[in-house]
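Here we start with a single chain on its own, the form predicted on its own, put down as structure tokens.
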């Protein structure tokens, strides 16, 4: 037999491959890992490898490491008071218009040091890691000036090292208009396009550019300026799109070949068709939908009809999604939005990887893919979505240099 570093045998493999089986399942499967990459996948009886380390899964589930493809994990302060206000009938929009919401977190984040941000955010990252989430997208957007946006992105990169996870960073300077530009929105867009994006690109701190295209955020025209600047600096885009109203954000991000349109509760069928044409992922954020007590659900039937792949993420943030529980978000995507358990699992593996431009590296058990593998203490894939609050996987193999 051939030698390699790790072999896992007798597993129910959730490969997430498109192999004709639900979940890409291989029963009594095996895989071999060497130098941090999967080098063989198939039936246990056919495995030609012997590992320095061998694991007998005894029929339990083995899956790729999970991916949380939309978070605002790095921030200071909290907004528990706003949660209490919403319970008494104050809307998210009213809170934002009165200086709360995103701007409340901006003040606390500007005042925090880089070390403060890392120490505050590390427990959140470690909680996700304990659930088997080994790749996390982290956005900036609570700085709204050059210095703090850079500080947030550096904190995110530092978390990768400290938590032993892979991190993709996204510049979200177009998250809100800061107080000092309240009467001069155009100048703030100039700052983003002419200073923040170029400097972040020069320092190699961001993997993508995002914006909040919404009535309480930025208009389509303003977002277009940000996207044009991102394109000039060679950065892909994604968008907080059509969360509270239909501003055709999904159509806009598709026009730019965007990685993902996120939230999309009010996306039109025209927008969904545009996303299908550009192969843009629809990232569903059920916890924010739940926390804001929204009524308009994402158009899941249109996503299915037109072949738009769906990802699921926590949207971890201090205002509208105070959670680090990705497993709960899987459950919510099924119970609130009507996804199947297979769609949910693909939403935090294969499709989440695609939303981060990692579809050839992560999110599947296949030859050449990341060899970080999870062993779960159950046999039915649906249990990964069904059970809440107590199951944590064993990370069989961790190989990450945190540079994706």
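Positions refer to the first chain, counted from 1. Because the structure is predicted, anything quoted here is derived from the model rather than measured.
Unshown form predicted together with a small molecule; subsequent notes refer to it.
The partner is absent here, but in the predicted complex a heavy atom of 92, alone among 188, 227, 266, 92, sits within 4.5 Å of the small molecule. With the partner omitted from this view, the residue of 148, 320, 121, 324 that lies near the small molecule in the predicted complex is 320 [heavy atom within 4.5 Å]. Judged by heavy atoms within 4.5 Å of the small molecule in the predicted complex, the contact stretch among the candidates 327 to 335, 295 to 303, 238 to 246, 156 to 164 is 238 to 246. For a residue to qualify, one of its non-hydrogen atoms must sit within 4.5 Å of the small molecule in the predicted complex; none of 23, 379 and 391 qualifies.
Shown alone here, residue 175 lies within 4.5 Å of the small molecule in the predicted complex, counting heavy atoms only. Put simply, residue 256 is far from the small molecule in the predicted complex: not one heavy atom of it is within 4.5 Å. The small molecule is not shown here, and in the predicted complex it never comes within 4.5 Å of any heavy atom of residue 218.
The small molecule is not drawn, but in the predicted complex it has no heavy atom within 4.5 Å of residue 136.
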